[in-house]
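Given as structure tokens, the chain that follows is alone and in the form predicted alone.
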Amino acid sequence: MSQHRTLRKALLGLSLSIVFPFAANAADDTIKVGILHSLSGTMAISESTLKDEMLMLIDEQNEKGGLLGKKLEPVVVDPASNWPLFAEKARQLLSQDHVAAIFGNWTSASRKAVLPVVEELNGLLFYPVQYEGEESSQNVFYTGAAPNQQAIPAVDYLMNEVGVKRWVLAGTDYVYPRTTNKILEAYLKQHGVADADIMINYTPFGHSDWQSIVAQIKRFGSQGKKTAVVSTINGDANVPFYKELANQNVDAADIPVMAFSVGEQELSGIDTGPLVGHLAAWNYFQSVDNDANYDFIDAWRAYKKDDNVVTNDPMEAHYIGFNMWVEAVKKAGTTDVDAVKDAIIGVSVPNLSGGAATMMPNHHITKPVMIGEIQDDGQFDVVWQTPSTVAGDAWSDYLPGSKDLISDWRKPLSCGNLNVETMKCGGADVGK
């Protein structure tokens, strides 16, 4: 913008404030931040904590003086674990509330519902939960794990460290488990696992009667080969699932469960004694021994006024994503969406495990991968982790339609699915 245009704009604003001294627009005084998490329904067990964390992070930023000289104003909505309602609430946040960015969603079903809205209205969505990949949008920043940052390393651990030969892929019936298991099935077969040694099962959200399924898992694991369950079960269905494992004496030493959606929050409030030894793959655990982590835990407990509240992986992802957005806005000098999209690539901020996270050109971040073993206090003992951070891969190397695709949103390329064989861009998201 030229100096003359800037001066004219300043003078116009001054004249309007003189003529209409009480007509100040609240949007000029604050920067609105959208919080799009389920506060009711089956996913509230996981998502309500993320809403509270975002409020804490916004409060902390305001205590530092806000952003660009303005206070941040949270706008909280409840899409109530209803995927179409997520899209409706996202549209409200962008077109009516005029938020600068949205932090939200948990399930891939909800993210898929929101995706066309943020693309149509050119919004920013920071998505903090592990997902199935096979997607790249210039309007979404994926701060949770891609499959190569969670699912693949977890299977490698079970295969190489535990000696697993038979595989139960158990998930909730929606896009994330189905696509992740499609990737894992292809990966296992490439490593010589026979069809007969792979059992796949899906259940609806909120599923509660696990007796027959756990019995099937026991039978499948009694064939003389080391068996493990790779769990993409999401939400409150995890509670009766683990209870039934204990009821049928499925011990972690015999058939370990490796969960991708069970963290400290999901384990709080249930008897974890019978779960000791089962596993989870994440990029952060509350038990990480690091000063930055201890400071975050202390701040969270003080904010909640509860010394027993826990932290978890998606909370760290929001911590990283929010701080990346703040730094990108500072770098751009504006909350303008296109300017922030350009500015955020390459931004690095501290993570909570002693390193740093960097936003890559494919809108995924770098993350360490950790395997944690459930303890009787509901925490995890980290039994394995990568020696360094891993960059998230938007497109799987193990699916025929994806292995030749990369994502790079830097100008002038700005392509979400560049085929490196043909060097042609197929569009923002062929994975829809």
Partner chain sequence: MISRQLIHTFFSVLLLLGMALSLAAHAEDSADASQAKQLLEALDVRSYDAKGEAIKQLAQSDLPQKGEWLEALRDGRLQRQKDGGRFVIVESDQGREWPIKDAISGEELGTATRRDLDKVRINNQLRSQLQGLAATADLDSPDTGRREAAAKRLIGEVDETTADSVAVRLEQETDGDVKARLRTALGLYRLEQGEADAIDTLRGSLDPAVRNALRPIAAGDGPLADEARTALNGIEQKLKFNRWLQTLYFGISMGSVLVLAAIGLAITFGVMGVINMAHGELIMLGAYTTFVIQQLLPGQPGLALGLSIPAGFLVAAAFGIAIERGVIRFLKGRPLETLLATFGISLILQQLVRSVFSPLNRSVVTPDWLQGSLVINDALALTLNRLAVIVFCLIVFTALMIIMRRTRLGLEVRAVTQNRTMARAMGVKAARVDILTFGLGSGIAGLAGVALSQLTNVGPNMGQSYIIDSFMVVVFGGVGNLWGTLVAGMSLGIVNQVIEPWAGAVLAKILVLAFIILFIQKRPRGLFPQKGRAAE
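Positions refer to the first chain, counted from 1. Small disclaimer: the values here were computed from a predicted structure and weren't measured. Rigid core here is just the name for the largest C-alpha set that superposes within 1.5 Å across the two forms.
This next part talks about the form predicted together with the partner chain, which is not shown.
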Seminar exercise, completed: in the model of the complex, the residue from 265, 353, 232, 286 with a non-hydrogen atom within 4.5 Å of the partner chain is 265
Exercise. So which of 44, 67, 390, 406 reaches within 4.5 angstroms of the partner chain in the model of the complex, heavy atom to heavy atom?
Worked result: 44
Problem set entry | residue 96, heavy atom within 4.5 angstroms of the partner chain in the model of the complex | no
For this session: Classify residue 386 as contacting or not contacting the partner chain in the model of the complex by the rule of any non-hydrogen atom within 4.5 angstroms, answering yes or no.
Result: no
For this session: Find out whether any non-hydrogen atom of residue 189 is located within 4.5 angstroms of the partner chain in the model of the complex, and reply yes or no.
Result: no
For this session: State yes or no: in the model of the complex, is some non-hydrogen atom of residue 203 no more than 4.5 angstroms from a non-hydrogen atom of the partner chain?
Result: yes
For this session: Report the stretch among 85-93, 237-245, 69-77, 334-342 that approaches the partner chain in the model of the complex to within 4.5 Å, counting heavy atoms only.
Result: 237-245
For this session: Check, residue by residue, if 101, 359 and 397 all come within 4.5 Å of the partner chain in the model of the complex, counting heavy atoms only.
Result: no
Exercise. For the stretch 368-394, which residues lie within 4.5 Å of the partner chain in the model of the complex by non-hydrogen atom distance?
Worked result: 373, 375, 376, 377, 381, 382, 383
For this session: Please check if residue 386 moves between this form and the one not shown, taking a CA shift of 2 Å or more relative to the superposed core as movement.
Result: no
